[in-house]
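One chain is shown next in structure tokens, namely the form predicted on its own.
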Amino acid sequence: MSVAPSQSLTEHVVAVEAGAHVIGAGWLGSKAAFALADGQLLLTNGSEHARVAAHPGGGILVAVNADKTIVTGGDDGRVVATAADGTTRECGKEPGRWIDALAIGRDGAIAWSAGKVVRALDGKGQLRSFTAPTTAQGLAFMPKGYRLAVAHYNGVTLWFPNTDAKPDVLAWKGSHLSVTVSPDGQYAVTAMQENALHGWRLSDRKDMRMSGYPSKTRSLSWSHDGNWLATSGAEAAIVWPFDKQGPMGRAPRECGVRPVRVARVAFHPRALVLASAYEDGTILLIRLTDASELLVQDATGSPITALAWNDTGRSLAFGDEAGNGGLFTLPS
């Protein structure tokens, strides 16, 4: 059992009134961006706020962020990129459908899915399409090249959008709800409908089953060095080792044990520090080297639904199901 955090950093949090369920969060330079279920984006630096009607009349379902763009997909079937100045650009449209998943790749590439249809738009504006075997529920660009991992029922398909090469299938029975690829491109890991993860070591297609969760895993985050994968879904952040030959036959670490489940995790972009957010609204920073804990936010009663560090790792944006948000800045 973990001990109570020895130090509180709650005075370094600036509250943000998001006003609606926070679907996702990201950073556009010095501004935090909160994607909201009412179709709006809230852009703020903590003192000045602006709202952008990214999906007027609709709701945001998914959001991803990279560099100085946040991309959202809604129940209006639109894919919209928003910049720090609040300007928006429609990147795609799937009339009559919902956008199920999004991914951002290098050089401005964006991918989205609606049902079985997967589309990839490269930085030059070339749009390619692929039909998955079943509904595509998760997308992730590989770190090298222009290749997309698509999670669906019974496995993951690896697709090269710019070639006519036959897609490569990583098979494993069951429903795969999301997918992530390690920073070095050696591993693909999915969160499954059952309370487990499944992974593949891509060099030899070795299967990896990671089980023992009391609930589904909805949030996954790689450490900056790619040696650790943190996950939600238990009464602690479950952190799997991916150094050496991967997690096969090795136990994960359990960090930040509390009597409530972890809802979101986000590794610091430059240090082995994990932000772990819980279903009761508590947020901890956990140093992986010695498991020491610092309190960022005490329990509020609302599950944390979004968690994102900025590029420097100095600030953390978070939001919850009840429409509350916050900006935490590490003390100097």
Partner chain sequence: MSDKIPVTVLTGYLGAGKTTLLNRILSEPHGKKFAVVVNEFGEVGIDNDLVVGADEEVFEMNNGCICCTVRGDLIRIIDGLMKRKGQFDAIIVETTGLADPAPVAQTFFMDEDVSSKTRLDAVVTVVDAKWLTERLKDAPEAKNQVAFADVIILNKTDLVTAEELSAVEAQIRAINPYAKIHRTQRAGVDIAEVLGRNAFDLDRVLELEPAFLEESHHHHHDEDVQSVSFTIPGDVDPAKFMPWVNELVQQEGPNILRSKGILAFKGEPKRFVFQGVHMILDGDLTQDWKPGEKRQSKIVFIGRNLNREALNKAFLACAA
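All values reported here derive from a predicted model rather than from experimental measurement. Residue numbers count along the first chain shown, from 1.
What comes next is about the form predicted in complex with the partner chain, which does not appear here.
Remark: of stretches 237-245, 80-88, 159-167, 215-223, the one touching the partner chain in the model of the complex is 215-223 (heavy atom within 4.5 Å). For the options 254, 75, 184, 207, the one in contact with the partner chain in the model of the complex, meaning a heavy atom within 4.5 Å, is 75. The contact with the partner chain in the model of the complex, taken as any heavy atom within 4.5 Å, belongs to 261 out of 201, 119, 147, 261. With respect to the partner chain in the model of the complex, the three residues 45, 106 and 311 uniformly fall beyond 4.5 angstroms at the level of their nearest heavy atom. In the model of the complex, the partner chain sits within 4.5 Å of a heavy atom belonging to residue 175. Among residues of the shown chain, residue 23 is one whose heavy atoms approach the partner chain to within 4.5 Å in the model of the complex. Proximity of residue 249 to the partner chain in the model of the complex: non-hydrogen atoms within 4.5 Å are absent; the residue sits far from the partner. Mapping the unseen interface onto this chain, residue 96 counts among the residues with a heavy atom inside 4.5 Å of the partner chain in the model of the complex. Shown without its partner, the chain has no residue in segment 265-295 with a non-hydrogen atom within 4.5 angstroms of the partner chain in the model of the complex.
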